[in-house]
Each structure stands twice: as structure tokens, then as C-alpha cells.
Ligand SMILES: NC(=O)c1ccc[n+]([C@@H]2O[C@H](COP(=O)([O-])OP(=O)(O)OC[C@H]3O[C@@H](n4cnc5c(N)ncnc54)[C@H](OP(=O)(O)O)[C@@H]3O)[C@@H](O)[C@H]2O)c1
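We begin with a single chain expressed as C-alpha cells, specifically the form predicted on its own.
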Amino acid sequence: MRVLVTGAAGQLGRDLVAELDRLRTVEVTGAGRKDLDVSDRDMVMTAVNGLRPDVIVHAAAWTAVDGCETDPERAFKVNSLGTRNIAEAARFFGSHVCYVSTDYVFDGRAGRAYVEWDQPNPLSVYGRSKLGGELELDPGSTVVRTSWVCGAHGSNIVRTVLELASRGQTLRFVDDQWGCPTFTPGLASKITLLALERRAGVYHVTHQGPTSWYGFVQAILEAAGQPVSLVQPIKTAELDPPRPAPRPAYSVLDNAAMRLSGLELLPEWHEPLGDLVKALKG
């Protein structure tokens, strides 16, 4: 089976390529932004025509939430139009698409975990552009929504907290935004399963257990052997300067479709957090 991974140079993309590479029955091609600009239709059509992949795992995206808010043209060009290009090429050459989406397609106002059949209502340009990508896909495609992604490659909150804490810097994180931390090795394994089995529809894939950003940072500090007193809780309204993009207050994703399908869920998030902290500390 031939598999193309877009966004292969990103923190999730690198682990996706590694996960697929371990399978003897799969020939994987990883394409980073320098190799494949998904917003360029001709480039996408040429690449898919040349590779003729059976499956395209579409992980390429512009994920800078505040950057998207201040540059919506780029956000929709990459996240929405880019996915249209992937979907069109896949349709033309017979590839199955697995698209990586986000919890930010929800407004976080339900006060409970979201299942796959809940109606999206994004608050931010980033969320709207990622939902735009979902809407470009054929019904038989796979959509994997995830949240608070962290890995050993690239920048993320775990790496940032470790760097700041090593300097003894006091941290301030919000305690009124809740979600589910998700770690790229486990996420890559579930995306691989869903993509290669060509499971149609939307799947929420996260590690289990909701927390706030403040609670998550406390756990990062504890895993690193740093005093949890380094972090102070604040409200979103106290952020100085305020963030350009609004965030959902409670975007916890219930992995209902996987659970109801009898698929094994990712474990609770503290153990993979410990593994990541060890890897980043070397």
C-alpha cells in the first residue's frame, strides 16, 4: 500500500511517517511544505499523479491560531483550499483521504464533552478554516479531530514550559479553558489505523482525561521535577496582552465513535506526558 503524508515535517507528520514506516506492507512518502505546497493545485495534482497513493494522510495545516486570526487569507488558503486540492486530486486518482482536524471547530459552550455528531460552531478563523477543510471532503473520507497536540518534534506547550521552568521563571496559565492533551506517538498510531482501514466519517482521537491549561502545566512541572508553585492560575480575561483569537472554554472531545466501534482508545494523558518530558530533557 502506498501512503502519502502531507505536513510530514511537522511534529505530528514526523511521527506519522515513522509509524507508517514500521509497517512492512506500507510504502510511505512524507511531503513537507517545501516538497508540497497544498495550496498550489497544480503541485498537488502533479504529486498525487506521480505517486498514485492508495491513502493520503492530510496533516498539513497552518496551526498558528493567533496568526490565522490576523491573516485569514492565508488560513483559508492553506487549511480550506489546500484540503480542497487534496480532496480533488484524491478523487481524480482514487486515493482515500484521512484529514486531521481540531477541537477548535466547536465553540466550547456546551459545558460537556463533544461527540462526533455535535454541530460545529467555531469561534476563531483557525477553527473556521479547519472546518472548511472538513466540508471539502467526500463522505467516504476519514476525519480525525484531535486537541492540544504535543510531540518531541517542533514547538508545543511542554517544550515551552520546560524551557521557562529551567530558568526559574514564574508562569501564568489560564484555568478556564479545558481540553484533552494528546501526544503524537499515540495519535499517529490511531490515525494510521483509521486511515489504512479506510474508516469513513469523523473520529475524535485524544488521550483520555480533561484538564485546564493551568492543570496541564502543573503536571508538566511535576513530571520534570520542578515545583508546581512556579505556575499561577489566571482567567482568560486577565491575559496581557489578550490573544487575538478567541478560544473555546470547554473543547473536550469524547472519543465516542472509536469507543462505540469497539476500537481501543488512547490511555490517560499523564503517562505519555512523562515519556515526552523524559525525551525532551534528554
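One rule holds for the numbers: they count along the sequence shown, beginning at 1. These numbers come from a predicted model, not from an experiment.
We do not show the form predicted together with the ligand, though everything after this point is about it.
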Candidate stretches 28-36, 219-227, 237-245, 47-55, one within 4.5 Å of the ligand in the predicted bound form by heavy atom: 28-36
158, 188, 78, 202 - the one with a heavy atom within 4.5 Å of the ligand in the predicted bound form: 78
Single option in 194, 113, 149, 123 placed near the ligand in the predicted bound form, where near means a heavy atom within 4.5 Å: 149
Any non-hydrogen atom of residue 100 within 4.5 angstroms of the ligand in the predicted bound form: yes
Residue 9: touches the ligand in the predicted bound form, heavy atom cutoff 4.5 angstroms: yes
Exercise: residue 255 in contact with the ligand in the predicted bound form, heavy atom 4.5 Å: no
The ligand contact at residue 61 in the predicted bound form, heavy atom, 4.5 Å: yes
